[in-house]
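Look below for two forms of one protein chain, each set out as structure tokens: first structure 1, then structure 2.
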Structure 1
């Protein structure tokens, strides 16, 4: 039996970075997914292995299960129904197992994803031999929540293989977990995110788990129902960055200027609340949709200004902003900033010619543009007979 899970990436419409400091943020899932498949293997006398294949990177890591057991059995577990944080001592042991794999220097940023995998795998399933395969449609380290989608997809597939969740394996196609399973899965994914991000707010794993559109504040989620079509152009500057370092940079700035930064975070919270209200307010005709879109554009620009204040914009992001402004379009960075992706609102009545022109100009700068579907399902699992 093979268990597959998929988890979507996300865009943050308002409130990234500030959400780590308790502000409200608004996020939505996008229809780009990370997929994880797990095949539990029958135990053999002495050749049991746990293998992780990162298909898109053409990388595979493999550990003898006995080696993992020898190293980590002191941690206890498995404990699938009780998400726990990885202690410093466990972290050291897991890092040693990751280091043994000699990840090429050029791909060393993947080490944190592999670390999260080993922690989630051993915590949820213990020491079973298996082959785990990862593929993703998301660009990594670009602000579209690749780390959260990875942790959510791992947790979903692992929980589906564990005895702690009740799922009907005979059902066909993609299945959604029940409410209590989703809560458990989200908690485990958050533990994985902590290993990749350092201090995540939990918004990325939450929107990837539940899908649709959410308002999020201090660990609490409110589902949002949009009353208007929302079309966003996503421009990937292709400037690599790392969420952990950017979040740490904002925390340091906050220590240096606590009053000023807290005022910035409060302003962001008001922008996010207003944005959520605008998105949900009934839109009766084209005119009111246009009025709502204009409000969203202004709020996006205000949020971008505050992100600049936090020190997470970047020359490449500024180039996207200037380019889209030439066409009177409003943009803001999405995710941690420092490069990565930028969102541009495409108004419902905007002509196709303008959209083509702005995309052509952005692509001539070396950026990559895409228009993703917004607000689809969250994590899903699927069972198939293994070949």
Structure 2
């Protein structure tokens, strides 16, 4: 039996950066996925191995199951129904296993993801031999929640292989977990995210797990759902950014100009609240859909202006904004800023010819363009007979 799981990436529609200062933000899933497949292998005395293949990078890591058990058996488990944080002592043991793989220096950033995989695998399934394959439609490190989608997909596939969730293995196609299973899945994914990011907010894994959209402020999450399909052009500038430095820069500007920046944060909160209301408002015909999309465009443009006030734009982002503006399309950065990705709302009645022209112009600048539906399903699994 092969178990497959997929988990979506995410975007921030409104409120990034300001959310750290108490503003409201709105995030949504996108229909670009990370996929994980697991084949549990029959145990043999000679060559029991756990193999992780990262197909997109042509990399594979493999450990004798006996070696893993020798290193980690003192941790107890598996304990699939009890999401548990990786202790400092456990982390050292897992890091030793990761270091044995001699990850190329150019790919060393992958080490934290491999560490998360080993913790999730041994915690949920124990020491079973298996082949795990990962593929993804999400660019890495671009602010689209690729690490969270990886942790969610890992956790979904592993839990489906365990006895801790109730799923119908005979049903065809992609299946959605029940509410209690999603809660368990989200908690495990968060533990994986902590191994990758240290102190994540939990927003990315929550959006990837549950899908749709969420509104969040000061740790409080509210699930929301669009009354109509939304589609975005996502432009990856391919410019790396230092999130910690960008957040620190906003904080320093706030210290220098507290009144002005507080007004900016309050304005962002108002935009996010209005955006959530617009998204959920009924759209009964083409006219009302167009009106909603025009409101969303205005709110995106206003949010982008405030992000510029915070000092987190970038020359590459401005190039995208100027390009899409020529075609009367509204755009804003998503995530930390300083590079990363830019969102452009594609209206329902927008000509496909215009979309192709915009993409061609952006790609001529060296950017990567992706088109994604917004607010779809979260984590899903399916089963197939092993070939």
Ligand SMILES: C[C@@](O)(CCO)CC(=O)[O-]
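Superpose the two forms; the largest set of C-alphas matching within 1.5 Å is the rigid core. Numbering follows the first chain given and starts at 1. Small disclaimer: the values here were computed from a predicted structure and weren't measured.
> Given the two isolated forms of this chain, which one is the form predicted in complex with this ligand?
Replying inline: Only structure 1 fits here, because that chain is the form predicted in complex with this ligand.
> Does superposing the core leave residue 374 with a CA shift of 2 Å or more between the two structures?
Replying inline: No, shifts by less than 2 Å.
> Does the C-alpha of residue 318 move 2 Å or more between the two structures once the rigid core is lined up?
Replying inline: Passes the 2 Å threshold, so yes.
>> If the two forms are fitted on the core, does residue 229 show a Cα displacement reaching 2 angstroms between the two structures?
In response: Comparing forms between the two structures, the residue 229 CA shifts at least 2 Å.
> If you line up the core, how far does the Cα of residue 348 move between the two structures, in Å?
Replying inline: A shift of 6.5 Å at the C-alpha.
>> Give the rigid core superposed Cα shift of residue 249 between the two structures, in Å, rounded to one decimal.
In response: Residue shift at the C-alpha: 8.5 Å.
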